[in-house]
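As a starting point, one isolated chain is supplied in structure tokens, in the form predicted on its own.
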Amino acid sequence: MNTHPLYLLLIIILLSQFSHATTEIEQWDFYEWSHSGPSKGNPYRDVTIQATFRLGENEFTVSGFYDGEGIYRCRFMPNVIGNWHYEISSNVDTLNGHSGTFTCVAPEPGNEGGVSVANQFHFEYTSGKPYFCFGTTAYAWQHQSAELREQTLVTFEKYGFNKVRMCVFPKRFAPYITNEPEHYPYMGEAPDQWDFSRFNPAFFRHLERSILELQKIGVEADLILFHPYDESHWGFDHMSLEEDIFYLEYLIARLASFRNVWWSLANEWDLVKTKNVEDWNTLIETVDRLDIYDRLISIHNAGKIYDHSHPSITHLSLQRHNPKTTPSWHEQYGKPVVFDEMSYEGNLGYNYGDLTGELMTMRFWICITQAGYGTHGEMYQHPENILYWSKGGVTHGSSPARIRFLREIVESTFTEGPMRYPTEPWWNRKNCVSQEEEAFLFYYEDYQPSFRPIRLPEGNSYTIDVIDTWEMTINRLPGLYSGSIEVPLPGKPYIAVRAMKAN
């Protein structure tokens, strides 16, 4: 053995540095502890593992999970900057009693934390930055080829979509989605011979990669936990309530620490014939109980609206075609309203898949100027049945660019979520939102007025922009304005007016 003094000094320095090494995790990112353990029997059911994380008065306990090949993991999203300490507890000696520390540091640019409800009808990031929801729909995008998945991510970023509705389980909807996924969520034999007590870690690792890819481009993953589009093929929609809860326990242990996750209990819950309202209430409450981070929770309808007064439901996820009803939903439930399905742009022979780009864009503008939010989808016929609404890929419609333009308008106009302005005369209230007396946004749909009267607060001076929402142009009128005025308009459809307080 080399006993040269310089060699010994080098070893001492390296050991000293290692002993003081500290893992650094960004605030609102996730820390992961992992360790080897038993792989015999059924580790998914037989082994329990938890981690308790502490910093001062902050204490959180999370459930861990088995990730296959004898590896167990516990994940935690720190919400406070500082040095966290953790302790592991398990019913297995080789996993029990571990402890350690990590340091939570300030987040890097682009990391604003998770999204939650703010100002009753709107959303914001944990950092306090407003979140304006401009979603899209690609139900089974993560179950497609690598090339198609990459195209999908490029499309999301290109058009500024910041939320995607996506199913955890694979989806069938003949003839448009019939391909088998790369991985299945359970061990067993395809198509329908599954062991619902043993998960397939490869499936969930693939899902995790997809969610983290979305996180990198600023997209929230609105995860649909159950859906009726199995067509009696896999049987994932026919599990027992106990199996459903077991699935939720595993999924939430793996994913809840990802800051860009939302929970959507179901797509079209009322079409899932194997569950009743009591079952759904149990599942909603299970998600709420297991998720220590209070992620957003919704449940989406086909015909029958779920009772959104349930305290665990954070916002309305509606399938309805008329976003002008937003104020009535606000009044009834007192929660944010997202029209996650207000039909889709496309040319299919269904009454929910044949909107023009003009109508899709108009519904988005109505959503915003009624203080609600909309979600895009596209169903154009394709020779290989690659419908963006199901498989993602590239869009072919005319609304995505205009939806991005709307997002740019909203984010440059409002520093907080837009609120209805109910005290103005009828011509203001039709489609109008404001931020206090700082900014106003009016929208005139497919009418074509040559002027419109509006009333602005007395004593303030405002700039006036005439916005062509279809041509995506902004024309600022000369001068400043106050009180009751008539705004000259171009006499064509899809015009909006923005008034912003000067300076």
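What you see is a predicted model; the values in this text were computed from it and never measured. We number the residues from 1 along the sequence you see.
A second form of this protein, the form predicted in complex with another copy of the chain, is not displayed here; the remarks below concern that form.
- Checked against another copy of the chain in the predicted complex, the candidates Val154, Leu271, Val105, Leu348 yield a single residue with a heavy atom inside 4.5 Å, and that residue is Leu348.
- Of the residues given (Gln448, Ser461, Ser34, Ser39), Gln448 alone sits with a heavy atom within 4.5 Å of another copy of the chain in the predicted complex.
- For another copy of the chain in the predicted complex, the listed stretch (108-116, 349-357, 276-284, 235-243) containing residues with heavy atoms inside 4.5 Å is 349-357.
- Contact check for Pro488: no non-hydrogen atom falls within 4.5 Å of another copy of the chain in the predicted complex.
- For Gly483, no non-hydrogen atom is located within 4.5 Å of another copy of the chain in the predicted complex, even though that partner is not displayed.
- Residue contact with another copy of the chain in the predicted complex: Arg75 places no heavy atom within 4.5 Å of it.
- Contact annotation: Gly70 falls outside 4.5 Å of another copy of the chain in the predicted complex, judged by heavy atom distances.
- Annotation: in the predicted complex, residues Trp84, His300 and Arg320 none come within 4.5 Å of another copy of the chain through any heavy atom.
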